[in-house]
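Before any questions on binding or motion, here is one chain by itself as structure tokens, the form predicted on its own.
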């Protein structure tokens, strides 16, 4: 093993640990914790020693034992010896140290003997740092929104840049903004309307997209090639171009301020991409299965129900998730077609309340959290289906 590779690995990993701890320290200062200094030199030295010694004692000690020993030394020096910091701060440090230790677990003698090990180490840690920084930038606005929703009007007027949460108040006061938007601003009805519109859009889109995608993938008819390649032509036109003629037509047909009008528009905008996504997956399904079903005297409808649908659950789930997120978050069409507050969706209701100067900011933030959380939870739960559904039809074999 080259000592140069070991030193480079230790230095790079130490800088990565320093960046993680620095982000955590920035967050805790926003919570009102006063830090006299960031102890950057101590953190770098401790990270360097752990990375350096970890290579030599890698096989001699269990990973958990090494991690606990390192975490104890780090927390004692940074959280107790140099400055007296609260328990919750040190718990966050322990989680960061575990993440750091797990990412350095794969580096050993054999890896560092590799001629290009330093380039691989640099690339790995730069990738990790990029992911962490990107996540911090993306999640920080949501963090501000969440914290603001727990504030009182007085607290926001006194110090609008205070991003800490006062956990000393009781539950009723802490969640007052959420109680108010449901009791005074009728957010329960908005949630119901958005749910009906989003789920209805998913259902109608799948009803039309599945047979259409199967026809393009399997059947031969005039214009099939043109249709399969130009099916996304609707996305060449900005949505704002379609709003004016649709507004005129919907006004004449009496479809404004109605759920049915939104269902028509949302289905029309999501159907092309749903067909495009599903046809690629259907093409990857072996034709022999359908030929065997035809020999068993199964109709085309039966083939779709009994063979295609069970095999296409990942693709259908990803399309359903994609369509649901579009319908749930859509704003432009709901802004143009909905004028009656009784028919507002969540996104339209947030805009309506933000235009009122008398609506406190914490109520708007609470409403924004309610709009965001359902999609966030659904995406996290169905993320595996989304990834598999988007990539499964890309390779045929």
Partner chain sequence: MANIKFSNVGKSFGDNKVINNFNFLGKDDEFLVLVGPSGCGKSTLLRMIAGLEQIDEGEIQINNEVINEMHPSKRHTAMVFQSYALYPHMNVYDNMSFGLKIEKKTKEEIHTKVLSAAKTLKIEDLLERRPKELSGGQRQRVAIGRAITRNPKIFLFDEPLSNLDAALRAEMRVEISRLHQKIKTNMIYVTHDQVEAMTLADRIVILNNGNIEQVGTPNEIYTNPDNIFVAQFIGTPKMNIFKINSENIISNNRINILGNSISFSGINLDKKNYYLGIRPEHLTFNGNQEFNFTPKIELIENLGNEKIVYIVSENNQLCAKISSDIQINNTLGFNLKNVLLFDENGLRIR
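Numbering follows the first chain given and starts at 1. Given the structure is predicted, the values throughout are model-derived calculations rather than measurements.
Not pictured, yet referred to below: the form predicted together with the partner chain.
Choose from 226-234, 139-147, 208-216, 299-307 the stretch whose residues reach within 4.5 Å of the partner chain in the model of the complex, heavy atoms counted.
Stretch 299-307 is the one.
In the model of the complex, residue 295 touching the partner chain (heavy atom, 4.5 Å)
Yes.
According to a 4.5 angstroms non-hydrogen atom cut-off, is residue 133 in contact with the partner chain in the model of the complex?
So residue 133 does not count as contacting the partner chain.
My question is simply whether residue 162 lines the interface with the partner chain in the model of the complex - judged by any non-hydrogen atom within 4.5 Å.
So residue 162 does not count as contacting the partner chain.
Taking heavy atoms and a 4.5 Å cut-off, does residue 291 contact the partner chain in the model of the complex?
Output for residue 291 is yes: heavy atoms within 4.5 Å of the partner chain.
Heavy atom within 4.5 Å of the partner chain in the model of the complex - the one residue of 311, 249, 268, 126 that qualifies:
Comparing distances to the partner chain in the model of the complex, the residue within 4.5 Å is 311.
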